[in-house]
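Starting off, we have a lone chain in the form predicted on its own, written out as structure tokens.
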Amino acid sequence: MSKDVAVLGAGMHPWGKWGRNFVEYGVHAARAALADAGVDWQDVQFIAGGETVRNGYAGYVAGSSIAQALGWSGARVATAYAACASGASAIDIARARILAGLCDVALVVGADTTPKGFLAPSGGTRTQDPDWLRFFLLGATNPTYFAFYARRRMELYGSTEKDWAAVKIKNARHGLSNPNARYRKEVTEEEILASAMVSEPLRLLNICTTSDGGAAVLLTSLEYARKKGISDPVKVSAVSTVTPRFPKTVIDLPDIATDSAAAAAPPELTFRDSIAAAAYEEADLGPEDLDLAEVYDLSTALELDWYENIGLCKEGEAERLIRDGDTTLGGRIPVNPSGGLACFGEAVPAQAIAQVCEVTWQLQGRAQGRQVEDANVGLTINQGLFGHGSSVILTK
């Protein structure tokens, strides 16, 4: 049985700091995706929403919140929360229902309204919650977490601030022509290296901001796409939502201790390596087949880690890729042609869906001003805290 489903429509609400209810952004993105697909809301049989936990009751039931705003239609509904991987989890649910024959048309929406400053834990005292503990026991805010990885990369592979600046410069240039990006301005190495130190060794222009935004995709069965006259749609060919394996030898917050390797040999792949590996296996493809990738650049240093995690190079070689221009538009394998989080900022439930929107437009040849030439295969990847993997492979 084919594991492919069609992406008939993609839509976004521009990223920014708008200060409005997240439902407004989600409805905007949903209507854009429906219009892109030429499908009426009344024809949608299933809707999956990526959850945001910072918006009160409506956020906790994001799927039905969006459905209500679009107009109750009797569609089946689900809400997914997997931190930064929430959007991919929602896509996975919708795809599974289509492949199971339970529906032909599914709408996936993610949207968020973020508070000023960096993300903070939800209120209250929760001593059994590892996310609460990493803030209050370790003082490990998100920039601290990003900085741990940056320092690790420096120690292991000799990564430098100039390498991270090169990532920011590349992504800022890519985002110039993206109408949905929040930041559309080129930056120089001098500006980056002169920006304020936030969490040593990362500076302000090395770290993504938090943003408001929304994204949506309209998924259908291949048969439904053919009935709509679309014989060669962009397809979701794999969705990876793997968890880590014991023992976990590289700490990912909110974990605050290693697993013991005394009773079991370390796994063949690290957690982040396994996310992409599972997607490649499901799609029967490999990194050599990719034409582009959208990776979760929470920091510019972290983007370099992702190059290795998705198999673009061996460990310790990512700096060479950015220095040689391999990952810029026109290079061997463009990464973050959208501009990435460097240009968008982080809108948690929407981010994985936004990555899929960008790859969809690239494979359709519609990414004006940032188009990857002859793009046929693209990969998205990110990681949600608490062991949520997230990778989607799209093919043409």
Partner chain sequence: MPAPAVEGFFTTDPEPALLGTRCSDCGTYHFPAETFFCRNPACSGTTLEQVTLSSRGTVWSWTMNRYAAPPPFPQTEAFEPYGVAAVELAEERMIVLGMLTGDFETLKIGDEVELLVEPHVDGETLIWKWKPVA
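If you're wondering where the values come from, they're calculated on a predicted model, not measured in any experiment. Numbering follows the first chain given and starts at 1.
Form predicted in complex with its partner chain: not shown, discussed below.
Within this chain, residue 210 is remote from the site of its partner chain in the predicted bound form, having no heavy atom within 4.5 Å. Contact check for residue 79: no non-hydrogen atom falls within 4.5 Å of its partner chain in the predicted bound form.
Contact annotation: residue 136 falls within 4.5 Å of its partner chain in the predicted bound form, judged by heavy atom distances. Its partner chain in the predicted bound form is not approached by residue 72, whose heavy atoms all lie more than 4.5 angstroms from it. Checking 234-242, 183-191, 152-160, 79-87 against its partner chain in the predicted bound form, the stretch whose residues place heavy atoms within 4.5 Å of it is 152-160. The three marked residues, 100, 176 and 278, fail to reach its partner chain in the predicted bound form, with no heavy atom of any inside 4.5 Å. Taking its partner chain as positioned in the predicted bound form, the residues of 190-208 that bring a heavy atom within 4.5 Å of it are, in sequence order, 196, 197, 198, 199, 200.
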